[in-house]
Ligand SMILES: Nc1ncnc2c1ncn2[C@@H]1O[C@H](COP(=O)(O)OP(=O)(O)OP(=O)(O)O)[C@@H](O)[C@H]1O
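Next comes just one chain, in structure tokens: the form predicted alone.
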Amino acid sequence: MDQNILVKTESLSVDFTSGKIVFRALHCVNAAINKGEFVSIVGVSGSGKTTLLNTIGGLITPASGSVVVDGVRISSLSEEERTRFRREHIGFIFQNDNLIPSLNVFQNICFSAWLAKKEFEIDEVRTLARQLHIEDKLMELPDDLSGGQRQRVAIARAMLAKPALLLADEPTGSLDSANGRELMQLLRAAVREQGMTVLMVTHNEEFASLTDRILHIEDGRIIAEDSAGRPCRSGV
């Protein structure tokens, strides 16, 4: 695999089963994401955006095909091996913030980095909290926060661990326009300054246009991609 590519899917298909009915959520998806690239995935609800994101993150086992992340074919790993790989290499921003209720904001932000045994400075936590406007909430518990504040804590948690790959599922969904734009600036800075690779699902066309590349997905297939605002039909 090209050393500049961090993520590659080959003939990736995913099935979901409900009783005797099998639904194919992804159809032979071929895609490549370069190191240090900020890519968005757009499409209508039910098109397969989140399924693709979660399969790349090793949360869903494909029916066929493969997912390679940072040179490792994670689709072939055991569940224990995938868990360890995710912890060390992949960060997640889910639509559901998944904060730990018994931990305060500061502890929640640090949790993923602690789990992955990654070193960080306390000032990094404070800087992220300030950038996300939660610096005055560090000692509070998640239940005392608004939905938007909880999402910002989840974003800080993912970014503090400095993963090679950050997967973000509608990260601006619970934020207002101003805070959404600030988050996009923060993600772009992570790509530019830390060399992080970001793959983001979004419905927001304005925010998608701020990424390096847009993958358009429809009925479980990538049907087109835009690069630097120039649409070109994709062969994948």
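Start at 1 with the first residue shown and count on from there. Source: prediction; values computed, not measured.
Keep in mind that the form predicted together with the ligand is missing from the display, and what follows is about it.
Residues of just one listed stretch (186-194, 172-180, 22-30, 62-70) have heavy atoms within 4.5 Å of the ligand in the model of the complex: 22-30. Residue in contact with the ligand in the model of the complex (any heavy atom within 4.5 Å), chosen from Q95, S102, S146, T127: Q95. Within this chain, G57 is remote from the site of the ligand in the model of the complex, having no heavy atom within 4.5 Å. By the criterion of a heavy atom within 4.5 Å, T211 is excluded from the residues contacting the ligand in the model of the complex. Although the partner is absent from this view, S40 stays clear of the ligand in the model of the complex, with no non-hydrogen atom inside 4.5 angstroms. In the model of the complex, the ligand lies farther than 4.5 Å from every heavy atom of N204. If you take 43-65 and check each residue for a heavy atom within 4.5 Å of the ligand in the model of the complex, you get V44, S45, G46, S47, G48, K49, T50, T51, in sequence order.
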